[in-house]
Every structure is written in structure tokens, then in C-alpha cells.
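There is one chain below, alone, in C-alpha cells, taken in the form predicted on its own.
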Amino acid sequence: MEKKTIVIGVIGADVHAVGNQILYYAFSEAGFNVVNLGVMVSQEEYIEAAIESNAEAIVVSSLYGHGELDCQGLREKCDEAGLEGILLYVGGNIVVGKQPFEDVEKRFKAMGFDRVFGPGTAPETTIDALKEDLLGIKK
């Protein structure tokens, strides 16, 4: 199987590095080629890395609660840069305060994200989604 390339990182002014390292390890062990941008990543950096690495997916993490602001317009910027249809995932503590996950998920899907993962999602859940979306492998 050819390794699928994914770009990961923590968006915006967020400096939460531990979860990012856990995801990097988990995705790599699951057989993905992972481009890890680390913390405090701009939308433009995700897009540049996806273009340079010919990535099939961008996985955005956020823990400090401002993911909703940080992620606005990412799908449109991807499209403008020639990345139409690239898989966009987002996960973590992506909104301020306690909000029903169904509402949060709807808002992020309306922004163009393919999958939305709430706080505390196990890496395996995201790996299963990536395998389904990129490889057609259903668990």
C-alpha cells in the first residue's frame, strides 16, 4: 500500500504540543506519511505544506478554544490554492465554553470540514476515519 500523506499541526496562537506529538506518533504508526508542522500554525502554512508534500489530508488541532475563529476560511483558501477536495479534519477543544457537540460539528462542516472530532477523541477514531476516507477501508 502506498503511504498516504497527511499534514498535521496546532492552529493559530495555540501552543499545546503534547497532543500534537501523540497524534504524530499514532498516525505514523498507523502507516501514514505525516508532515508535522508543530504548534502556532497559520492556515497558509498548512496549505503550503500540503502543496509541497502532495498531501491528501490536513488535520487541524486546537486546544485553546479559538479553533472556530482560526479555521474560518480554510476550505476557501485551500480551493484557491488548487487543493480542491483535500480532506479537512479538525479536532480538540475547538470552541469556547461548553457547547453541544452536534452544534459545533454543524458549524465546522458548514465551514467545509469533512470530519469534526470533539475533545478527548482517541487517535484511533481519527485513524479509522482517515483509513475510511483515504483508503476506502471501513472498520
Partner chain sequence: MELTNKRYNDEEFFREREEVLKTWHTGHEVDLSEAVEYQRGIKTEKRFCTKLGKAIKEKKTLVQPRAGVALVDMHVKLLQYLENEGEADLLPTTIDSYTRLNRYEDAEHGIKESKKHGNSMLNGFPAVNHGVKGCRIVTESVKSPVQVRHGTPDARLLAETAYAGGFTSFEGGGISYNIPYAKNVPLVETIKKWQYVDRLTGYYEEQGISLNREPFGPLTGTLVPPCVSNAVGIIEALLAAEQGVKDITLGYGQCGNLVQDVAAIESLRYMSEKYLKRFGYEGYILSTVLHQWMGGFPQDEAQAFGVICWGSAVAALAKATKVIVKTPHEAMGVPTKEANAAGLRATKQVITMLADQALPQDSVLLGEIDLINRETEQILERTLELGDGDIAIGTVRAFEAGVIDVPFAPSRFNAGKMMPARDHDGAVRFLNVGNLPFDDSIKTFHKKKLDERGKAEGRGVNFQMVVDDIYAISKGRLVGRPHK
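Residue numbers count along the first chain shown, from 1. The model shown is predicted, which means the values in this text are computed figures rather than measured ones.
One more form of this protein exists, namely the form predicted in complex with its partner chain; it is left out here, but the text below deals with it.
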property: Contact assignment for its partner chain in the predicted complex, among 104, 87, 78, 37, heavy atom within 4.5 Å; result: 37
property: Contact flag, residue 30 vs its partner chain in the predicted complex, heavy atom cut 4.5 Å; result: no
property: Distance check, residue 96 to its partner chain in the predicted complex, heavy atom within 4.5 Å; result: yes
property: Partner proximity in the predicted complex: residue 21 to its partner chain, non-hydrogen atom cutoff 4.5 Å; result: yes
property: is_contact(residue 69, its partner chain) in the predicted complex, heavy atom dist at most 4.5 Å; result: yes
property: Stretch in contact in the predicted complex with its partner chain, which is absent here, among 38-46, 53-61, 109-117, 78-86 (heavy atoms within 4.5 Å); result: 38-46
property: Interface residues of 121-139 toward its partner chain, as seen in the predicted complex [heavy atoms, 4.5 Å]; result: 123
